[in-house]
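Single chain ahead, by itself, as structure tokens, in the form predicted on its own.
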Amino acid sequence: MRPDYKELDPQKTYLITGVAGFIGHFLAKRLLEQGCRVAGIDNMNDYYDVSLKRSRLAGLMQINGGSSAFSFIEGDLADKGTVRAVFNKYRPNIVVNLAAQAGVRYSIENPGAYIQSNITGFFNILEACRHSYDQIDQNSGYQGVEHLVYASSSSVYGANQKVPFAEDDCVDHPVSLYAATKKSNELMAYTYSHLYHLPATGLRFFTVYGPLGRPDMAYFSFSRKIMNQEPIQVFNNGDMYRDFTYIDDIVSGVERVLCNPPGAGGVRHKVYNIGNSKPERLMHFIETLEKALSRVTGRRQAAKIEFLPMQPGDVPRTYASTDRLEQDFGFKPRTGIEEGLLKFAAWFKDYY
């Protein structure tokens, strides 16, 4: 644990982009439950079911009896004026950029969406953080953005053969446009930290899953098809490994980072893996999901599997080394897939 480690500060204002998204929702929920002020922005696009995003937002609105501690702004990060207006109004101390066009395979079908959201949108966030220092106010105590925490991805490791993936490994060979945009985010944040002394931390997320998750993720579609007795598609003939990380573990890791920007001296930018450090074979994951769905429905649920070759932009294995995050913040994931998938299955059955 860092000797200068600081707990979450309820006196600060936290701006979360992508707040109606999966990780954004659960992070905002955690902060609100601990008495923090949260402003959230989301463009509510229809990449997946918007009603699920609205359900997440409704849950946030009800925390603490509908406290005014949560403010929601529907807007697009690619609109510079919108971003600037949000920063001017809420004057955030800590910014968490989780908004992004997600999905590896979709980036092949619709590359423009990734440039607009992941590159232009992130550029506007960086610019707003930079110009927040123009608003420093000694009377109110506002010192501009104290820390930018942003979502990167395990995808930046591409088809690296060395495992586990460590933050110092080469990430110069992305195999999808999505991965390339996330690597670009890291380079952009580093540059703004160098030029404007913006403290920034990038988090490389590894296959996040859990209740209220993203419907475009494989485990989500697997569940629907298993329960409907439809065949599921398994790529690379099932020889796939993923470092599945439960949402509560992800949020705990992010929470520990928020009030602890990279230390003074040099470029104040750092990158961390945030994963489970235990890759699971996809076939074992599917078997565990079958058991979880069987348990919550009270009847046997079995997958009908259609094996397919590897898809463009995909990688056979992800495996996070989280030594750096554990050393600096004492973070260690606690949720195995048996527990995590059972919680997901229970929610999935109730929601659908």
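A quick note: this is a predicted structure, and the numbers were derived from the prediction, not measured. Note that residue numbering begins at 1 and tracks the sequence as displayed.
In what follows, reference is made to the form predicted together with a small molecule, a form of this protein that is not presented.
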Q) in the model of the complex, which of the stretches 289-297, 28-36, 313-321, 45-53 has residues with heavy atoms within 4.5 Å of the small molecule? A) 45-53
Q: Report whether the minimum heavy atom distance between Ser152 and the small molecule in the model of the complex is within 4.5 Å.
A: yes
**Q.** Heavy atom of Ile23 within 4.5 Å of the small molecule in the model of the complex
**A.** yes
Q. Is there a heavy atom of Ser132 lying 4.5 Å or less from a heavy atom of the small molecule in the model of the complex?
A. no
(Q) Using a 4.5 angstroms cut-off on non-hydrogen atoms, would Arg214 count as touching the small molecule in the model of the complex? (A) yes
**Q.** Site check Ala102, Lys182 and Thr207: each within 4.5 Å of the small molecule in the model of the complex by heavy atom
**A.** yes
Q: Heavy atom within 4.5 Å of the small molecule in the model of the complex: which of Asn93, Ser107, Ser117, Ser193 fits that? Just give me the one.
A: Ser117
Q: Find the only residue in Ala128, Ala189, Leu177, Leu77 having a heavy atom within 4.5 Å of the small molecule in the model of the complex.
A: Leu77
